[in-house]
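So this one's two forms of a single chain, laid out as structure tokens and tagged structure 1 and structure 2.
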Structure 1
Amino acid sequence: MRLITKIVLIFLGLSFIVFIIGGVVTVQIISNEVKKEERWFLQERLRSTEKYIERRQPTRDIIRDKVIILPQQDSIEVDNIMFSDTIVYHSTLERPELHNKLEVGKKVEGRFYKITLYDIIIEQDDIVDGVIESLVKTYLLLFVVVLLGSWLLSRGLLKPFEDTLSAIKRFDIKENEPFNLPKTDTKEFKRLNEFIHQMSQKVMADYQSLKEFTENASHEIQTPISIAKGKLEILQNGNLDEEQKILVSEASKSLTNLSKLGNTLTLLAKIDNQEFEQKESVDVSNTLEDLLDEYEELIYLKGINLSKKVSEDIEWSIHPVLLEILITNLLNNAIKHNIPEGGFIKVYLKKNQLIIENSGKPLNHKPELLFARFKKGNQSSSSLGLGLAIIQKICKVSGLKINYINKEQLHQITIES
């Protein structure tokens, strides 16, 4: 949900609560005011009635519509005005209606009179209905105005923010170009753009430094390793006893592992730096068949039985180099961790699935843990523990799903596009 929509909904919700509370308060205020006006009106009529009595000095009871004047023989309490509500038949409406009633005793020209006045009451239900109608219409007007205003705000006031988001989406760290953000005169958006600009400059600088370090480290490490391996080979071909040859051979293997480690970490760094971001439609069937042909002899020499079922013309959207590295690591993993005798490798390729099954030692932990860097099923093996980490990283950047299942000696890795 958009920010402006959330703000509008919150505002309308709060307005609804305020309208309800305001409606209750309004009904109470209007009711009190009406009551006050009704009593004031009866008191005005009382003064007119007193003038009428002064002029006529009635000696008989006068009972008219809404006025009752009763002459009293004895003295009564005077000026004790009492208000009350009562039901009186309304002659115009022809039905009983709630009236306001004023009762008072008066002494006029030496005579005592009991005066009763009536006036119809504006019922509270009528006031409530009027207030509700007024508030509903006002709220509907507010609703329309707020929706229209939010639409205009989203197109005008928030446009710099939308432009900034678009600029961020277009930003590509590998192009090493300055971050072009739109100009704005809104203080908050200015601060946001300044922060994004500073952050992008730092990120680009860090990216370039990391990239140069990775490339330089890879090159500078491989050179002395190659020199050392060459000299060890010279020593191995020299006049050495068996113990010395074993030591030289182990040193050569360590240098080989160091060289592989450098290349693997460099590859992971390149994948992290999105240097293989460009995807294209790649024929997985051909790539898989070519790599199986390359590994077929090695698999045969290891005494492993290979079976395959590869559908033709299967294409995935992936960087071709990453696809080749992915399949190579899967096959290497299946060969390296197979059992010494009677092992097998089964390869299946369907439209959206690549499945590689192989025999191997059962795992004593969850297979997913092997996706971590330098995590090995057998810590004493010569494996670097980076093969599955690379496979998982390639799947992640390529939008592929990976699933690893181990049941006894069966290891199955499924890649889904």
Structure 2
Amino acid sequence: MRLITKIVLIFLGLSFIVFIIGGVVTVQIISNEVKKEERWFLQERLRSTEKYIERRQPTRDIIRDKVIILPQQDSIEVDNIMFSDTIVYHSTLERPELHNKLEVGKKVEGRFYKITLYDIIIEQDDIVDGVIESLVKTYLLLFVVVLLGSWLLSRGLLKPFEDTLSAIKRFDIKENEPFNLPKTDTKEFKRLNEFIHQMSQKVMADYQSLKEFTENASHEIQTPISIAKGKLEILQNGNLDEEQKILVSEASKSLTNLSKLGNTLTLLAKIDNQEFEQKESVDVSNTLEDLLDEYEELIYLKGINLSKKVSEDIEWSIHPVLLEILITNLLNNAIKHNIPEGGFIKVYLKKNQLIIENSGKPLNHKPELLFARFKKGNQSSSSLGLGLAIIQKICKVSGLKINYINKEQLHQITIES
């Protein structure tokens, strides 16, 4: 529910309660006012009644509509006007109604009279009806005005908020451009915009320093590794006995692994940072053929039989570097996990499908786990276990679909564009 709708509903609910209480109060006030008027009116009538008694000096009881004059034998208390309510049958309305009553004792020309007057100007239920009607109409007016007003106001009043929202939506941390937030004179939105601005500045600064750190760390690690490797190499060419030479060669190999790990993690981070975002149309057939060329002798030397069926002039929309890394990793994978003798690798490239099939040991874990980082088929191997993680990441950022099937000794990876 929109904020403005909520505010309107709450406002209308509250005003409903206020209107009910206000109605009761209004009825009360009007009733009091009417009663006061009626009393004045009855006192007015009392004077004309006195004049009537002076003229007629009645000795018998006079009981008429709204007037009762009772002559008294004994003396009574006089001029003690008492008002009260009484229910009397209303002649024109033909039903009992609440009337205002005035009772007083009077001494006129030496005689005592008890005078009772009662009347009604406006009935109670008329007042209630009137108040309800006027309040309901006012409430309806309020309802319409509030709805209309909120609809019109929300466009102007909440516009800065909407602008801020769309600015947040457009924000791209990689572009390194600060927020372009609209100016507003609403205090709350000003605070919101200020806060978002500060936060974005901080996020961008953090992101930048993290990125720089990753890059620098990779760079700074490679240099000492280079130095260590260089020293080992010089050592290797010196006067060492056989055993020492093997030790040096193994140390050197481990260093290479370490450096490769750094490079690979940097690559994954770069792909994550979408630094390879721009795509272009790349000739997959050419890239694949070139890479197969590089691998052909290696595959042959490993005793693996390579067969390929590559359609020509197939173009995919992908970053060329990513495509190369993707195919390299797929081929590496197919070679590495092949069986020692008599294995095969089959490569097919069709219009929107690249299929690489290879023989290999059956999987010893779930295929879904295959793409996890540092997951290796054989935990004791010195492989990094990052190859498939890279393949999957590249597919994800390039909008390619990847499918893996394992049937006993057959492993098949399909990449679909």
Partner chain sequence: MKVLIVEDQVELAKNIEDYLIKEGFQTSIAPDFFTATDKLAAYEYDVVILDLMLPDGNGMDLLYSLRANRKSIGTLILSAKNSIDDKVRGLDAGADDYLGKPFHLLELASRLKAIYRTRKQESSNEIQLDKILIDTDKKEVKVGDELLDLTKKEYEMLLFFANNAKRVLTKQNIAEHLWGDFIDQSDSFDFVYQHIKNLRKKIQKATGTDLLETVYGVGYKLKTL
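All values reported here derive from a predicted model rather than from experimental measurement. So that the term is clear: the rigid core is the largest set of C-alpha atoms that superpose within 1.5 Å between two forms. Residue positions are counted from 1 along structure 1's sequence.
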*Between the first and the second structure, which is the form predicted in complex with the partner chain?*
2
*With both forms fit on the core, is the shift of the CA atom of residue 34 between structures 1 and 2 2 Å or larger?*
yes
*Core fit, then residue 125 C-alpha moves 2 Å or more between structures 1 and 2*: yes
_Is residue 116 displaced by at least 2 Å at its C-alpha between structures 1 and 2 when the rigid core is overlaid?_
yes
*asked:* After superposing on the rigid core, what is the C-alpha displacement of residue 182 between structures 1 and 2, in Å?
replied: 3.3
